[in-house]
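Next comes just one chain, in structure tokens: the form predicted on its own.
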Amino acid sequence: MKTIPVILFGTGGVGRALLRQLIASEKHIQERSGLRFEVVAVADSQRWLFDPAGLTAAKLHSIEQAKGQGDPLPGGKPRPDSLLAETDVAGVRNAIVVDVTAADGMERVYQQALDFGYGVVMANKKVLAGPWSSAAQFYNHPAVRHESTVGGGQPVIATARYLADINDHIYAIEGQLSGTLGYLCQQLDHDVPFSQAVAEAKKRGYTEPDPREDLGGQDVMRKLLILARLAGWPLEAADIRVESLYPASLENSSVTEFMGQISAVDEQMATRIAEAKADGQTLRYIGRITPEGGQVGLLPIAADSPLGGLKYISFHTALYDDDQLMICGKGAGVEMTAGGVLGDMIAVAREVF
């Protein structure tokens, strides 16, 4: 039995779901993989809790319950890089750093983790979708995994890696890259007001903590950019045209204020829906990218087309030319995303340690 220390950044919906899955799957993972994950540190944006001997299942359960109720972690407030420095000094070796936050500026933390010989598993897209000059080092690194950055628990990243590994030339990548926006479009199909659909998606944990990350198209843009870079196209965010589903006037308000003001979009969205239906179409938020660049936006699509059917990502390649390679399935929700993270943790532990 090999014990793998885990340093978890993020105690939001995905982080709490991951803690639940680690507790529930402990025996199964040990029997199937010969691995025992031992969480030694849990950190959020305010505080952290660290025990080099490992936090017990009972302690992890109490953390999950407390954070679900909005209570703080019972610890100090170091910078993420100083947290890793402390784990290294305490003798933590062959650990996996797991980032399920939406925090900016984690490049230094990832690099520090790799310098210490740790693995890195991320659901956070921001580093991988940052400037290519700083992001490139984390692509195809043997100790880095990021399946949950695109498609939740779907094997989208694994498929992109497979295509690259066998040198199958990719011409284009297309699809509905946001389970959240797919859910919203599905609600719009049933004449649910846009603001109501957004509120329900947030309640269910489908959106980012700030729904504008989804509605502004930035989340889809980052996913599309990550896939493009895996395909071998070192594009930048500026190479992708993005349509936002909320007006610029709501950009700088608080999340609470935004949720109270988003109803201003209802009438305009209802008009677009009616126009699409009149033409026998449906609205879908689509991302498409080629080596030259891409676009992300809400488009009228034939209701009986694959795009109209929701929940798919396609790869148009040399091998998959006449009949594209398509990945379908549930792509939203904290449990799905946490499952993808857990799968990555197992992969790093098996293949690197």
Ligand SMILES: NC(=O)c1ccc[n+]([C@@H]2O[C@H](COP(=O)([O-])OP(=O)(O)OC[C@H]3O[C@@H](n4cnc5c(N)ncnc54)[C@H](OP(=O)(O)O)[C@@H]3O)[C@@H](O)[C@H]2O)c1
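Numbers for residues come from their place in the sequence shown, where the first is 1. The structure presented is a predicted model; accordingly, all values stated were derived computationally and were not measured.
Just so you know, the form predicted together with this ligand exists too; it's not on screen, but the next bit is about it.
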Answer for L18 alone: is it within 4.5 Å of this ligand in the predicted bound form, judged on heavy atom distances? no
Just to confirm, V334 within 4.5 Å of this ligand in the predicted bound form by heavy atoms? yes
Determine whether any heavy atom of I313 comes within 4.5 Å of a heavy atom of this ligand in the predicted bound form, and answer yes or no. no
Please tell me whether any heavy atom belonging to K67 falls inside 4.5 Å of a heavy atom of this ligand, as the geometry stands in the predicted bound form. yes
Based on heavy atom distances of at most 4.5 Å to this ligand in the predicted bound form, which listed stretch, 93 to 101, 135 to 143, 188 to 196, 227 to 235, is the contact stretch? 93 to 101
Of L163, A129, A123, L283, which residue is found within 4.5 angstroms of this ligand in the predicted bound form when only non-hydrogen atoms are counted? A123
The one residue among S45, T290, Q30, Q324 placing a heavy atom within 4.5 Å of this ligand in the predicted bound form is S45
Mind listing which residues of 1 to 18 have a heavy atom within 4.5 Å of this ligand in the predicted bound form? F9, G10, T11, G12, G13, V14, G15
Say whether the C-alpha atoms of F50 and G205 sit closer together or farther apart in the predicted bound form than in the form shown here, given that their separation changes by 3 Å or more. farther
Closer or farther: how do the CA atoms of V144 and P80 lie in the predicted bound form, compared with the form shown, if the change is at least 3 Å? farther
